[in-house]
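Below you will find one chain, with nothing else, as structure tokens; this is the form predicted on its own, and questions on how it binds or moves follow later.
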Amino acid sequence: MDGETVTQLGAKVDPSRQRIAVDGVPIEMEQPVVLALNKPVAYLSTVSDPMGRRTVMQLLPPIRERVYPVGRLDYDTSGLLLFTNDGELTQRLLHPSREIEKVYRASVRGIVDREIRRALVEGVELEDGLTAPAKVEVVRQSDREDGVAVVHLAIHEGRNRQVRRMLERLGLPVLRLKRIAFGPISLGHLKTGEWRPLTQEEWVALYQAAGMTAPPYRRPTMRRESERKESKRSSARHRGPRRG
């Protein structure tokens, strides 16, 4: 460390200010990156699945940084999902005290009348308690009970399948559900299954929403072809031989 050999266990270092090397090879601290993905339905918001089902990690580009989903979207829900390698950013974005809004576009069967809108705004009583007040915008409405209505619902809680449960508790079966915004980040025109890095303006805004000072803006680093091949070989070794 900075030319000094460290022999004591538990020695503390600051990788951002000190030079660290092992056997003379410098160790570089991985810089934070953030990606946005338009998650399709029928993908799990997890890094891996023991049952072999498709996960959102399969939709990401071959980058050097090891990123993880910020929260999750249900299997049947599509839309904006963020990924980062910044653990503190993830923790702050998901912490209830930050009250960071997530906006969903829901297509439901039925009429979203005044009473339903008031219930959503005041809170819906679910099995796990009363929900926090939501913001509601009716985008499209049918005058038939069996018609389809489209609503935008903004919430800052993160309960399991919360939006679906809120709407279904009020007699509105959900046909489609898509997250279109997470804090200051919007889905925009990102196509289903595609990803993009944040813009510099979004980068700063997201860190500000988390109550943090944004580090220098960085785009993800793409792996070289040789690195991709080695990664595939390593994955194959970990999986072991195929069984006939």
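Start at 1 with the first residue shown and count on from there. If you're wondering where the values come from, they're calculated on a predicted model, not measured in any experiment.
Below: the form predicted together with a small molecule, not depicted.
Check your understanding: Pick from 142 to 150, 88 to 96, 73 to 81, 111 to 119: which stretch has non-hydrogen atoms within 4.5 Å of the small molecule in the model of the complex?
Key -> Result of the contact check: 73 to 81.
Check your understanding: Q162 near the small molecule in the model of the complex, any heavy atom under 4.5 Å?
Key -> Answer yes; at least one heavy atom of Q162 falls within 4.5 Å of the small molecule in the model of the complex.
Review point. Using heavy atoms and a 4.5 Å limit, would one call L177 a contact residue for the small molecule in the model of the complex?
Key: Yes, contact at 4.5 Å.
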